[in-house]
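Here's a solo chain for you in structure tokens, the form predicted on its own.
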């Protein structure tokens, strides 16, 4: 194991349900690493194992060189975990909330006072220091719980759906805060279903489904390995029935598989070429006299890759590895 967060062959069962099926991870120090997968893919179970809240049935993981199975207390010293559903104590003021958890970590009083002030400034809650927790907005409570994970200055943060329930402005603020934490030397593992935001934020991702990693690495690298095509949408400066001419032109071009007119007047193009081929297609369209207003992918790269590798018959799926101790015919 080489990264600051590594996992090899993690397995976790709940009765007859196999939640994590031989999962591997390798996360380098200083990364913002995204864990992407549909509901029930095993993301939360994986994070809870890494946070030492669940013991795996097989396999092991290390955080900062400490095993989650053999040295859970050592892991907790270098780890901050923010679950998808967190609790706050309504009858506490903001500073009291952080002070309570700092006491749990045995931080002396003089250090607590300085640390609380610094953390509240970091998460932009300084003016709310004496506000009762129950009066904070959802976004402010989310930032407070993130501050709670930082009271012992952990090297690694595990954040389970941290943007869940936040409005667009609060999500932007959270994204900027995570970037600032990375600049301070933190390694961040974040799970989320908000794919475009993960693509913009994360240095690397793992796409998981049915408890297994289907693709792992930087988004651009995964795309180069898996890309078999893309969907583009073109808007042409014509109306009504005149759109059929541009649609027919696109349909006749190299590497174009389909060309359809959508209800909003754009032309959706199924394309099996690479980026250079897409650039040639656009240049040819302009050169042919088509008045192109816009030409772009129909979805973010990460969304396309997610849909591709989690499809019922994904392009690059290998047979799942055997699960130690699983009964014959076990379904994953």
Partner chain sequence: MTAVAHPPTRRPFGAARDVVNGIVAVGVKELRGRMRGRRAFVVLTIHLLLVAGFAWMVESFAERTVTSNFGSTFSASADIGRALFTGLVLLLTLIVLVLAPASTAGAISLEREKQTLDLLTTTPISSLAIVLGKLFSALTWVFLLLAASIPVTALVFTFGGVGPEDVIRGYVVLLGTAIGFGSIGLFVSALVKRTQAATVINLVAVIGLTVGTTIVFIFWTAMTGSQGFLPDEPGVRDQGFLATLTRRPPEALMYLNPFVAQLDVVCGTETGFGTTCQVINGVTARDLAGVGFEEAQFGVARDSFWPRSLLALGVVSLLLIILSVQLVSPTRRWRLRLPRPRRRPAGSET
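Note that the coordinates shown come from a computational prediction; the quantities given were computed from them, not determined experimentally. Residue numbers count along the first chain shown, from 1.
Omitted here: the form predicted in complex with its partner chain. The next part is about that form.
With the partner removed from view, the residue among 231, 237, 92, 262 that has a non-hydrogen atom within 4.5 Å of its partner chain in the predicted bound form turns out to be 92.
Its partner chain is not drawn, but in the predicted bound form it has no heavy atom within 4.5 Å of residue 255.
Within this chain, residue 97 lines the site of its partner chain in the predicted bound form, having a heavy atom no more than 4.5 Å away. Although the partner is absent here, residue 221 sits far enough away that none of its heavy atoms falls within 4.5 Å of its partner chain in the predicted bound form.
In the predicted bound form, no heavy atom of residue 34 sits within 4.5 Å of its partner chain. Remark: of stretches 212-220, 168-176, 247-255, 141-149, the one touching its partner chain in the predicted bound form is 141-149 (heavy atom within 4.5 Å). Residues of 100-122 lying near its partner chain in the predicted bound form, listed in sequence order, are 100, 101, 103, 104, 105, 106, the criterion being any heavy atom within 4.5 Å.
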